[in-house]
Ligand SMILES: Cc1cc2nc3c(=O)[nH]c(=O)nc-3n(C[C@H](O)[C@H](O)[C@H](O)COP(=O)(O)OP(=O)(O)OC[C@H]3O[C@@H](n4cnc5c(N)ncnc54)[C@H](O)[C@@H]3O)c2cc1C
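Just one chain follows, in the form predicted on its own, and it is written as structure tokens.
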């Protein structure tokens, strides 16, 4: 058996958006990273197509938002639970007041190139079969008998995560009770409304940057997961929901999915972590999966880098679960609610759908709040320190400062009421009564004060557990 020792290194299992983003974040801080990916090359098909506002902000903070913004399709209003009345993203407190339809495989290519540019090692076409850990490190076994040893391992290897299972992390939740379909196709007939749901079926139609469409839906008359999902089945279900022939042709990709919903009991077990679909699984309603996974990696990346390079105590890593597990719970609750609306095939559920749509039409604030909850902009991390300023853990939304985060370091912000500080970013905005704030590398407020003492602000900044090279 071959053994390769890579101590003081991080192994990331899975080179999807979550794993690739984590590798990029670790390499920004100089941490050696090895990615292990079972596929031998780029994925020809795309699972996710929606990039939400907070993810676009995250990409912008690392200088990577321009490509999806230029090549994707901006959608300012989008469905919630396939209700006919749409959530309104145009009101978001963000420079990105829309959802961008941008294929996941294209995003993976962008992140893959960035990870390689930063010096990450990617081992493709190999599979992890198990791991063991002790207080000093983790030993990872590959299918060919090779063993790799590293200080830390992160499982970003999907809902069936080998890493999660080998680490003994439970994955409680609910099993699949119904199945849906998804296909990237051409429509020769006029496209239907973006979202349709009635007693005969549900259908969502999203334009792709390639010019085709993604059609996805649920058909109460076709629940046969044991059968292959074919173009004929997709066409029959979609046409039935739309009430006419959509002219579905030229399939690029066809698949089916269930509504199983689970969340890892712990996001950390010793020296092993889970992120993305390995930490939470849910139906794709709302198109949030890719986004939540990438933001998991964004939260974990700077913390693991700080600990791996000796700039922070290991206890910092516990905050990854503390902060992201509640986000996972919120996402599961949101997608469960949307799934119930999508599969509202009874007269009672149809009445509920009509009532909620009426609320959205009559109250623009409801349409705006639905978009806010799905976009990721509502995420905040309450501080465990009762003496912390109430804004600690809140998102920092000053877009003019996003370029300052490109190297993955924290930023000291001075607000207009406070004296100048060398090296601080002078915000033109006022945020309640703040004088200074330290913004974490992931774009959340890590420390804040109303005290206009610049010496105290500099001391807090220098004490923050991140790289100040």
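Keep in mind that this is a model prediction, so the values were computed, not measured. Positions refer to the first chain, counted from 1.
What comes next is about the form predicted in complex with the named molecule, which does not appear here.
Contact with the named molecule in the predicted complex, judged as any non-hydrogen atom within 4.5 angstroms, is confined among 277 to 285, 299 to 307, 89 to 97, 196 to 204 to 277 to 285.
Contact here is defined as any heavy atom lying within 4.5 Å of the named molecule in the predicted complex, and by that definition not a single one of 192, 246 and 350 is a contact residue. Although the partner is absent here, residue 47 sits close enough that one of its heavy atoms falls within 4.5 Å of the named molecule in the predicted complex. Taking the partner from the other structure, the named molecule in the predicted complex has a heavy atom within 4.5 Å of a heavy atom of residue 156. Though the partner is left out of this view, residue 409 does not reach within 4.5 Å of the named molecule in the predicted complex, counting heavy atoms only. Within this chain, residue 178 is remote from the site of the named molecule in the predicted complex, having no heavy atom within 4.5 Å. Taking a 4.5 Å heavy atom cutoff to the named molecule in the predicted complex, the contact residue among 339, 105, 162, 235 is 162. For the options 332, 128, 229, 379, the residue carrying a heavy atom within 4.5 angstroms of the named molecule in the predicted complex is 128.
Residues from 289 to 314 that approach the named molecule in the predicted complex with a non-hydrogen atom closer than or equal to 4.5 Å are 289, 290, 291, in the order they occur in the chain.
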